[in-house]
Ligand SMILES: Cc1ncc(COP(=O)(O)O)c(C=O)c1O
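Before any questions on binding or motion, here is one chain by itself as structure tokens, the form predicted on its own.
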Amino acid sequence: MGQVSIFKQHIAAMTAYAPPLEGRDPGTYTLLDFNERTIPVAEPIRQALIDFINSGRLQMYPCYGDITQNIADYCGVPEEQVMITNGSDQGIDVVIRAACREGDEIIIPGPSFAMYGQCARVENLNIIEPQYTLEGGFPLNEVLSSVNAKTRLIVISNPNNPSGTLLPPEDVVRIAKAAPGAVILVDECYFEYSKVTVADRLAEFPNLVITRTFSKTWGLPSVRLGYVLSAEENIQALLNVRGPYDVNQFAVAAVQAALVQPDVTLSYVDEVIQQSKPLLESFLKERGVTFWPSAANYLWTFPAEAERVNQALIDASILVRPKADAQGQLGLRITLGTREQTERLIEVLSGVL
């Protein structure tokens, strides 16, 4: 007879979210598989981390100083509307835990980022999954018609991962109005690429909660700092769930330095969006390769024989992320890097398509 789990039955029956992280050596491969910044962090950030190591404070608990005020200034919101988290993953987890109890309904349009579903399953929620489509984009009508008295939370990944689909702010507001008793979790982790936000509507719609991160654009996924933006009373409630030391001091030191000179980091965004993205899009159109319109730093592409294309890229030391659509057709989600990296990618794709 099998051992009975000492944990909640539904948790023991789950599978872990285990992204394929092993063997990703930036010395060997061009990493176009995790939507990361594809070049090292800006020098002031690196120096701030070295200075922190040399400061003699590693043995102390973290002290956050004015980090929330600096993030608030960057976002153009009052400090009371900001909470820092251990990556945006913790933000997502804390919001779902604070809002939902077992048996509640959560609407997660799919396919989307795996952490939403993972956190929902931990809480034993009923997941409703209207589907994004290439033709229609975000399933707005299906989401609106799925709202009922049991709906506690609606996820809007904006832009969505893996498709890159962007929902305009007025449609986010429509959903917020349609479900006033539910949390509208707007994940803006690619905000620096899309430049679209509902941060200016937080006072007007107290059910809006935004998660963001310093992982993607800023190139700091290894130190884990994200943040939540919401009405002040929501932030006060969420601080009751987040621990006092959940964010590490390395992350704060790095982000403080990043925010002093944001342009040093964000010049990379311009290269990705203004040069690399149009370059890859026009190449894919020329070759007749289907891809989803994207407002982020990646394109979800569907070449014929995607597995063969993926293998050719691996052989050329380029990693991308295989991702199947709702119909099971395998696509390749390709992160956009520098112009030079994109030209090399196109060169390899030219030989295989």
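Everything quoted here is computed from the prediction, not taken from an experiment. Each residue number is its position in the shown sequence, starting from 1.
Quick note: we don't show the form predicted in complex with the ligand, though the next part is all about it.
Student: With the partner absent here, would 87, 92 and 190 each sit within 4.5 Å of the ligand in the model of the complex, counting heavy atoms only?
Tutor: Heavy-atom distance to the ligand in the model of the complex: all three under 4.5 Å.
Student: Please tell me whether any heavy atom belonging to residue 138 falls inside 4.5 Å of a heavy atom of the ligand, as the geometry stands in the model of the complex.
Tutor: No, residue 138 stays farther than 4.5 Å from the ligand in the model of the complex.
Student: Just to confirm, residue 217 within 4.5 Å of the ligand in the model of the complex by heavy atoms?
Tutor: Output for residue 217 is no: heavy atoms all beyond 4.5 Å of the ligand.
Student: Wondering, does residue 230 line up within 4.5 Å of the ligand in the model of the complex on heavy atoms?
Tutor: Contact check for residue 230: no, nothing within 4.5 Å of the ligand in the model of the complex.
Student: Please determine whether residue 113 contacts the ligand in the model of the complex, using a 4.5 Å cut-off between heavy atoms.
Tutor: Contact with the ligand, yes.
Student: Tell me, out of 276, 161, 81, 265, which residue has a non-hydrogen atom within 4.5 angstroms of the ligand in the model of the complex.
Tutor: Flagged contact: 161.
Student: Go through 121, 224, 242, 152 and name the one with a heavy atom inside 4.5 Å of the ligand in the model of the complex.
Tutor: Filtering the options by heavy-atom distance leaves 224.
Student: Partner absent here, but in the model of the complex, which of 197-205, 94-102, 73-81, 181-189 has residues with a heavy atom within 4.5 Å of the ligand?
Tutor: That would be stretch 181-189.
Student: Could you list which residues of 120-142 come within 4.5 Å of the ligand in the model of the complex, counting heavy atoms only?
Tutor: Going through 120-142 in order - heavy atoms within 4.5 Å of the ligand in the model of the complex - there are no hits.
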